[in-house]
Ligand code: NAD
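First, one chain by itself in structure tokens, the form predicted alone.
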């Protein structure tokens, strides 16, 4: 066995090797998404059931008492995979040696804020976090940005971490993908497991485009099962406005499904997507005509810890119009935070 590894015996599963612990940082760890996220990480849902973790949890000073309570609950849950925990309000402590980072914490949007206000309010947070990641995280760190506006926040963090390769900074559009899967599954009368290869173009905003053209439903081509009117109308509208609808229905934002999507995103990145196309936003290298550096959601596959953009998919006029719309919006957001990009 490798250094620090130990053999675990399970009478049902046989012997298997427990790996060395990895360091996993979560910001906004006492918030609703962080709270939902931590139990999934601690149980092995994300990194594997033989992968111990050291949890490095970041909160703002005003949230430290709540974070103490979260850590108490995690200890009380007695997860075998939790090697150690630290709670802090210092990003450099939270990101020290981190192998994976969930950037969840951000200022929420209030009813009197438009999106440009949200971009301006959150930008400085991600400047500091990017610099801390650059200074102390593992050089191979995998970063997912969940806090909104997540595409532009990832752009800012990446720009302020020049020693970390840009492909190691991503933003989460998996929630939009999962919402699209849920809508298709409900309409077709199948389980979500039967839906494959629907993915998201663009920004995690109401402009994003869930592309159904390569999706299958129980092995059948989705565009032959669902009519175009539904796919370009109610389907698109429902996915785009789902977050608002959940707030109206339950009086709170979609924290649990966001946390679940973050787990899906990082799990596939860490363990591989098994040939499936998944949605991840990452700095463009010019794919599909998206300006270089813009953090944009593309169709991706994950293999051996790498994100591979699927580059050869045909783009029809409707998809191109949606891609262009998202480019315009993200260029506007980039311009709004240009002074934060170094």
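Positions refer to the first chain, counted from 1. What you are looking at is a predicted structure, and each value in this text was computed from that prediction instead of being measured.
Absent from the display: the form predicted together with this ligand. The rest refers to it.
A heavy atom within 4.5 Å of this ligand in the model of the complex is found for exactly one of 166, 207, 216, 253: 253. Contact annotation: of the candidates 266, 175, 161, 181, the single residue with a non-hydrogen atom within 4.5 angstroms of this ligand in the model of the complex is 175. Contact annotation: residue 129 falls within 4.5 Å of this ligand in the model of the complex, judged by heavy atom distances.
Taking the partner from the other structure, this ligand in the model of the complex has a heavy atom within 4.5 Å of a heavy atom of residue 66. When this ligand is considered in the model of the complex, residue 198 lies well away from it, no heavy atom lying within 4.5 Å. The closest non-hydrogen atom of residue 154 lies beyond 4.5 Å of this ligand in the model of the complex. Using a 4.5 angstroms heavy atom cutoff to this ligand in the model of the complex, all of 32, 59 and 125 count as contacting.
The stretch from 133-141, 72-80, 267-275, 254-262 that comes within 4.5 Å of this ligand in the model of the complex, counting heavy atoms only, is 254-262. For the partner-free chain shown, 146, 147, 148, 150 of 137-151 come within 4.5 angstroms of this ligand in the model of the complex, judged by any non-hydrogen atom.
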